[in-house]
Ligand SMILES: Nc1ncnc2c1ncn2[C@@H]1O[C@H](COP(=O)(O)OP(=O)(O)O)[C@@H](O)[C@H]1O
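Let's start with one chain on its own, the form predicted alone, as structure tokens.
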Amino acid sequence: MPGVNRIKLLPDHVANQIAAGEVVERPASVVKELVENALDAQASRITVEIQAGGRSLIRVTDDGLGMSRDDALLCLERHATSKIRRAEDLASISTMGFRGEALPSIASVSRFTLTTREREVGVQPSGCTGEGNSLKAGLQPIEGTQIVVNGGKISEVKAAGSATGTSVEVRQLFFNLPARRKFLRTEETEAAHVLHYLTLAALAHPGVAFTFVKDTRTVWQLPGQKSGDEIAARLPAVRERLRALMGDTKLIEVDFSAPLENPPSRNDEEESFETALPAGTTDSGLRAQDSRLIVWGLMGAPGVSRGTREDQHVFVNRRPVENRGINFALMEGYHTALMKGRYPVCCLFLEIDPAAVDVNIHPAKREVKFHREAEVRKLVAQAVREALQAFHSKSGVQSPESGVGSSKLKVQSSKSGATDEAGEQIVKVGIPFDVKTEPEFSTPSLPEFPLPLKPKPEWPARQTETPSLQMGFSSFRPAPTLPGHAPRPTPPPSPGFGAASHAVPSPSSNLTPDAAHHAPTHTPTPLLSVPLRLVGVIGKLYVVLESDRGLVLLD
């Protein structure tokens, strides 16, 4: 019929359920939004409790600023927030949340209970003139506020006793959306997603104490770590939090800072989504800012890697993010220090001017967009490379005074004029390396190979003869002479090479030098009994040795 309006304005609870489809994907999304609100409220202790993977109960309690009665009612309205005031504030977001959609969206798809009590009142409320109702400035309110919401409709608002801070209880998530509830995963899977986000939040804020309770059982309880404003004071706190969550892993520190270059002029450049500036920000204003990129945190030493990016955590202004450019920058920085198909272990924090990064891309706020993507990627790769170079420069090759266990490796360059008495470096079987402590090797440049040494005097024969051991390890015979090379004399084992190398004499030790040289060899000399010379170390993983037969690669 003509004149009938077909377009109608949706009710608020329907609009909230539509918004909840983007904001609330699963129980972990609820935990994320509530924990971010607690962090923005300057909480120092946060407790998260879940039951049945978050389906039946999610409770987040903090000791933050809390809310008054009016603020508690207003926070359940759409787009009501305390984070931003104007459209220009979107260009420099420094808080975790800013949309004002989380609480009304969560309350529209669950049985929601909000209990809050303001931390401090600085002004005496109006209308409180009686002696019993008056509050002095600076005192805490004696009662809190509790609001009960069922499916987006407020059912009860009352005064309640509460500790300072806020407690949000979410029960029967998606009770009024059976289709959404049916597509939830198993309880263990949903609990794993909750644990993953809490791990990120605990790493990003080591100064906040976190407690995670699953089905009335405490999974972990992390105390707040002391940290300061300087990076040198924050690194120990992050290291301790990483140790509590992931165990002891060999990590190296990253502390890098570099200025961002001026962006190119936009007069001759076509503006696109990637190059567009935030609303209210001018090109000249962004250039005038002394924008710097600070990269700090911890990353795995060479040889510490994972088969997935599960332990690769990147934070931009304390916000856990996913950015392909940063992932590629990490791989570029490690270069050959990682094997193919392996990914680094890291907990890196990027601090950048909020105007140079856009977090208003998706309601989940996990994806960010840098206005100078290529430059940020280059600087992150440079920070990783410099950290690896500093690590290699600190860990040098073991000297004789700092040998590991009873083994001592002497490394001398051929340019140092070593004499025959000093001897060249010989590595034999039987070196008792300490299996608990591995020697630290650097990556030295390959030395020049020395010229053939003069024949050394023959060592005197031993007076006693002991039968050879089995397995062929004690049958030490001279290596076969290669064409065009003189036979190389073998020095006696040094005292530092362990008892296994000098307690069993060679069966040919009683022969004269000429007889020993012409004695027939019935079996080939075992490779481990051939004198080896250290050539270098590759990536702190492989040791390259040289013998008369060729090169030996030791893992």
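In this text, residue numbers run from 1 along the sequence as written. Note that the structure is predicted; figures quoted are calculated from it, not measured.
Just so it is clear, the following notes concern the form predicted together with the ligand, a form of the same protein that is not shown.
Interface residue among Cys75, Val304, Leu177, Val321 relative to the ligand in the predicted complex, by the heavy atom within 4.5 Å criterion: Cys75.
Residue in contact with the ligand in the predicted complex (any heavy atom within 4.5 Å), chosen from Ala233, Met246, Ala80, Ile294: Ala80.
Contact annotation: Pro27 falls outside 4.5 Å of the ligand in the predicted complex, judged by heavy atom distances. Although the partner is absent here, Pro206 is not a contact residue: none of its heavy atoms lies within 4.5 angstroms of the ligand in the predicted complex. In the predicted complex, Met67 approaches the ligand with a heavy atom inside 4.5 Å. Within this chain, Gly144 is remote from the site of the ligand in the predicted complex, having no heavy atom within 4.5 Å. The partner is not drawn, yet in the predicted complex one stretch among 96-104, 330-338, 180-188, 235-243 has residues with heavy atoms inside 4.5 Å of the ligand: 96-104.
Of all the residues from 34-57, those having a non-hydrogen atom no more than 4.5 Å from the ligand in the predicted complex are Asn37, Ala38, Ala41.
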